[in-house]
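Considered here are two forms of the same protein chain, supplied as structure tokens in two stand-alone entries, structure 1 and structure 2.
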Structure 1
């Protein structure tokens, strides 16, 4: 049946919940493009036949193939765009350096897009605050206090904070640290915010 591979791609994205990026499905994409090519050629041939031999009974099949082509295009566009949105969210989630396993799942073009997005975000942030620059990827929720109490969930080794001092993060030790340094680690699951 036509357009099934396209639906496969969409389903693959849906199966992976928000925020996860599955591997770039080159194969699937290539197959869909091949299908589209085949459909297009058939359509070309039929249109020529219909024009020259005045065979109007070919028109419904031409229309059908045309619809399939449009559908495939729409599915591919949705796939690519959704991936881009997820990659954009990754910048806000992880920071400007992506972990290796995530980068592995991106195609070369996506990597290029990501670096350009990074650049434009960085230049925007630099322009804020009258040229002084402001990091808007910090403090996604309005902070209640400067320092927070965190508990270490697993051994993470040494961790350096802004004034150069090093803290040893051992399992079940509790620390009282500036909140901006901890946010990264809290997102990674190494530290846990303790609300008493």
Structure 2
């Protein structure tokens, strides 16, 4: 049946939750493109027959195949656009360095797009704040306090805060740190916010 592979591609995205990025389905895309190529060639042959022999009985099948081509095209565009939206959201969630398990699910073109998006966002952030720059990815939710209690989930090494104090982040150690300095480490899974 026409367009089944394209619909399966969309369902694959729906099966994954909003924050997850499924593996890039290159085989599925290739099969859809092959189906589109076959539909296009059939249409070209039927259009030539309809023109040369004045066969109007071929027009409904030509229209059907053309609608299938358009539907496959829309499904592919929706699949790729949804993946880009998820990758863009991952930049805001994880920061400029994605975990290896997330990068593994991306195609080479998506990795390149992520790199360009990361550079564009960094350039924009440098232009804010009167030339001094402003990190707009830090406070995703308004903070209730400027300092928070955090627990270190894994050894991270030395961590310097604004006043020059160097803190050694060892596994299971707890610290009272400025929120904005440790939000990125919380998102990366190095620190955990301790709610008292």
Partner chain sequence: MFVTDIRKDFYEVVANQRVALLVAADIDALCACKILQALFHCDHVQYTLVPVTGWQDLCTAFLEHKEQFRYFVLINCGANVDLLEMLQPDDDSIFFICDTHRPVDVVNVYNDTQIKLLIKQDDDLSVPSYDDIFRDEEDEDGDGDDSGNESDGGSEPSGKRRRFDEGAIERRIERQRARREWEARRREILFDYEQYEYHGTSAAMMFFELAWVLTKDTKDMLWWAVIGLTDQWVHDKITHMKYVTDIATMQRHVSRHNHRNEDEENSLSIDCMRISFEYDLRLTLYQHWSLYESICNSCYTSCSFKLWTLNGQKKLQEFLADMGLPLKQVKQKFNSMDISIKENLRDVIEESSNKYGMKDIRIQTFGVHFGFKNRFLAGDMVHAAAALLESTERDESDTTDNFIKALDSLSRSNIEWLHSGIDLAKKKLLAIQQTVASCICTNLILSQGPFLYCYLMEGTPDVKLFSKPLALTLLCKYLLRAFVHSTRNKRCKLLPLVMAAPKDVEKGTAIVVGIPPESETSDKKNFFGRAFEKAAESTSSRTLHNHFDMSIIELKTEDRSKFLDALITLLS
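So that the term is clear: the rigid core is the largest set of C-alpha atoms that superpose within 1.5 Å between two forms. Being a predicted model, the structure only gives us computed values, none of them experimental. Numbering follows the first chain given and starts at 1.
A.B. asks: Looking at both forms of the chain, which one is the form predicted in complex with the partner chain?
C.D. replies: Structure 1.
A.B. asks: Do you see a C-alpha shift of 2 Å or more at residue 177 between structure 1 and structure 2, with the core held fixed?
C.D. replies: After core superposition, the displacement of the residue 177 C-alpha between structure 1 and structure 2 reaches the 2 Å mark, so yes.
A.B. asks: Superposing on the rigid core, is the Cα displacement of residue 188 between structure 1 and structure 2 2 Å or more?
C.D. replies: Residue 188 C-alpha, core-superposed: shift of 2 Å or more.
A.B. asks: Check the Cα of residue 167 between structure 1 and structure 2 on a core superposition and give its shift in Å.
C.D. replies: That residue's C-alpha sits 5.6 Å away in the other form.
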